[in-house]
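Have a look below at one chain only, the form predicted alone, in structure tokens format.
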């Protein structure tokens, strides 16, 4: 219990520090005191400082928290539902579909770039819907192996479509790189307002799935004897993960690393596989990691902003390998 509590306390402190750093550092560094004054509406703060903190960095920090939490939870749900430690949003086709939707908008309709979040969300959910439709049809419907194989096939289909578009318009490829590498923007609250209902539904479903997933981890027969319907739980978990991952991709591009590694990090750090612990703590860990990575991406080559994906991996992989070494 002390170990699990320590992990939670450490992550709460880390996410608070990451939020402050995210608001204070960037192309223009702002003292912590002025950040607090801007957040509280103090009259001494200049208009430019207030605009940077409230209109640019605060929405971006909130996006990082929500996206990181969503990907961490999505990974925890899928790994628990499929009993597969390698499960991530890729497994239900969300990453491939979202990538196709974003590339379609950026390459073929560059004048409609404001539709990028909508396009990524729509095609991410479409891909997941096709995976579920295939996995829950015919013989052996709803089985883990059928879901995984359907996800691989649908993901490959959308991946091929993405490659075809990029090959047909090579001169426009640079405009897509930030989405593929993963990147948050400073466009205010508009994008988050457009997709927050999908995040909300996904998080609510995740909360309701924590105890059923614990029962599912005992095996399908035991779970069924306890009143749980394994195939239905897997379907709901897949839907929740698809909503969270597609919404995250619509805001921050393709950040598959988070959904795969964060649940492992939580399980190894806390020494427990209970989903009532792993799911909410994965949200904390994912938010912390993405906040830290995004801050680094903004300050390393300031005033140039780099994609967040590589920096997030730079932070997360050493920590994960250290825990993996200790666990081994």
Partner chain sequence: MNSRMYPHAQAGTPNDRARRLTVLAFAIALVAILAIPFLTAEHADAASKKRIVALTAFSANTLANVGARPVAIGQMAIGNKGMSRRLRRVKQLPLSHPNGPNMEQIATIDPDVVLTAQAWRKGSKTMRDLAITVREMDAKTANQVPSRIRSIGRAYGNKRLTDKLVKKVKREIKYAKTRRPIKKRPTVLMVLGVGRTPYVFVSNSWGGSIVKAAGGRLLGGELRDSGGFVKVSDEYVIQKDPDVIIAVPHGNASDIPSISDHLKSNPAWSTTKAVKMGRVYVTLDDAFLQPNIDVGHSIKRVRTQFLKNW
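Computed from a prediction, not measured in an experiment: that's the story for all the values here. Positions refer to the first chain, counted from 1. Heads up, when I say rigid core I mean the largest set of C-alphas that superpose within 1.5 Å between the two forms.
Omitted here: the form predicted in complex with the partner chain. The next part is about that form.
Among heavy atoms of residue 26, some come within 4.5 Å of the partner chain in the predicted complex.
When contacts are judged by a 4.5 Å heavy atom cut-off, residue 256 does not count as touching the partner chain in the predicted complex. Residue contact with the partner chain in the predicted complex: residue 304 places a heavy atom within 4.5 Å of it. The closest heavy atom approach of residue 214 to the partner chain in the predicted complex falls outside 4.5 Å. You can rule out all but one of 156 to 164, 229 to 237, 106 to 114, 75 to 83: in the predicted complex, only 106 to 114 has residues with a heavy atom within 4.5 Å of the partner chain. Note on the partner interface in the predicted complex: the residue among 219, 138, 208, 174 having a heavy atom within 4.5 angstroms of the partner chain is 174. Counting a residue when any of its non-hydrogen atoms is within 4.5 Å of the partner chain in the predicted complex, there are no hits in 232 to 248. Annotation: Cα of residue 303 displaced by less than 2 Å between this form and the one not shown, core superposition. Once both forms are fitted on their core, a CA shift of 2 Å or more is seen for residue 31 between this form and the one not shown.
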